[in-house]
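Starting off, we have a lone chain in the form predicted on its own, written out as structure tokens.
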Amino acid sequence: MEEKITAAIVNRFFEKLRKSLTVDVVVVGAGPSGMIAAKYLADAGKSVALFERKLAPGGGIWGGGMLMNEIVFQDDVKDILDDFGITAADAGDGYLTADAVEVASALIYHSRKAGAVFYNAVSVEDIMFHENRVCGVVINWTPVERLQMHVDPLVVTARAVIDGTGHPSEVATLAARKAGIRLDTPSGGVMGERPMWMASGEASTVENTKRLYPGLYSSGMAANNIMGGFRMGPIFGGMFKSGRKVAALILDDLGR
């Protein structure tokens, strides 16, 4: 019995991984914007793999504001909430509240059911760069990275890579530093996140969501850090709109 159970896990996982070695879109970081993008891309028939460094996808959603597990949305993202079956309560003044655990689990469930494939506890340590285009990522197990073990990584090729790594914007930083490319920012590099200003941060999260370089896109707080936007805390409307926007940008570039 034991060997059959182990074989079932190993066989199914490696079948899944083999199919993900070449995909249309890689999402680095399974936070809110990344998972929303993944669902809309998968709904459109694109193959999507999400690589999440932590064991649990969801990014900064789970803890709400200071471990009070409620988060806030503007009411103009109600249509996205409905797409994911998320229950929201009217908080007045154009705002909605939602249970953080429900939001995180709904994003995970619906993006997976749309066909996006998750790889948790997997870190992206580098990009693949051919002929002036970002065309994939270099991956390894997160414990290998954290223990600094000398273990060579593997590569996943993709037509588009989304930097959804949040505040550090790790993929764009790697691209600018190692490939020596000029990103589509005022400086050509990563500008760095500015302090808290919720209204500005919400708007700029969507505005800053863009194609940074052929094959490389940004979403969510990574987009704000790259472009020098303000942070916004436990309000998530901009993150949701950012995920939908980056999916639309990629679909336009790849062909719907």
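Everything numeric in this text was worked out from a predicted model, so none of it was measured. When you see a residue number, it is the position in the sequence shown, counting from 1.
Absent from the display: the form predicted together with a small molecule. The rest refers to it.
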field: Contact test in the predicted bound form: T185 vs the small molecule, heavy atoms, 4.5 Å
entry: no
message: Against the small molecule in the predicted bound form, would Y217 count as a contact residue? Criterion: heavy atoms within 4.5 Å.
response: no
- prompt: Hey, in the predicted bound form, is E170 touching the small molecule, heavy atoms inside 4.5 Å?
  reply: yes
- prompt: Does V28 reach the small molecule in the predicted bound form, with heavy atoms at most 4.5 Å apart?
  reply: yes
